[in-house]
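So this first bit is one chain, no partners, the form predicted alone, shown in structure tokens.
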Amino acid sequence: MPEAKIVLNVRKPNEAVGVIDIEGEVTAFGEPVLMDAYSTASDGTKAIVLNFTGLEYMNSGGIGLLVTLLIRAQRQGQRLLAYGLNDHYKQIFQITRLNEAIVIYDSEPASLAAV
């Protein structure tokens, strides 16, 4: 089975927010790593910020993972926000209408201010 080519770092800039720094590829193979990072980031938070500045590649399986993550966050009463997407992936978010559920910001300070 192929391995996930993703590295995730979880930070908590304050008690209300968990940030997941994403580096590498977001594909279906990264599900266990992403869900573990979400569990760590979501402990007691009201919002999760996804930092895509280190994103190298995302396919349809990765989009599906983000939808799964969104459903989990909504069940916990949390919001998902994102920043660091390049123009290509911003367009993918628009085409899939994922940008209607995960608001995209220009920077981490802007996303944290929105929480």
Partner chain sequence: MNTPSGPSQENPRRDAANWAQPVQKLQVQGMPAEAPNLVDGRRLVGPLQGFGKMWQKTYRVRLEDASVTPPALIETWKANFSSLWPRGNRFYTPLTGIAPGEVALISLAAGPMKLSTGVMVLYADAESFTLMTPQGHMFAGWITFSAFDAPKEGASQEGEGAEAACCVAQVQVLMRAQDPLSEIGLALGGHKAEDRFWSSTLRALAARFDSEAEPEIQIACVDPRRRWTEAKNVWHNAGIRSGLYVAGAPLRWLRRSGKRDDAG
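Please read these numbers as outputs of a predicted model, since none were measured by experiment. Positions refer to the first chain, counted from 1.
Absent from the display: the form predicted together with the partner chain. The rest refers to it.
Contact between Leu80 and the partner chain in the predicted bound form is not found at the 4.5 Å heavy atom cutoff.
In the predicted bound form, the partner chain sits beyond 4.5 Å of every heavy atom of Asp36. The partner chain is not shown here, and in the predicted bound form it never comes within 4.5 Å of any heavy atom of Thr40. At the 4.5 Å threshold, heavy atoms of Leu70 reach the partner chain in the predicted bound form. Annotation for 73-107: interface residues with the partner chain in the predicted bound form are Gln74, Arg75, Tyr83, Gly84, Leu85, Asn86, Asp87, His88, Tyr89, Gln91, Ile92, Gln94, Ile95, Thr96, Arg97, Leu98, Glu100, Ala101, Asp106 [heavy atom within 4.5 Å].
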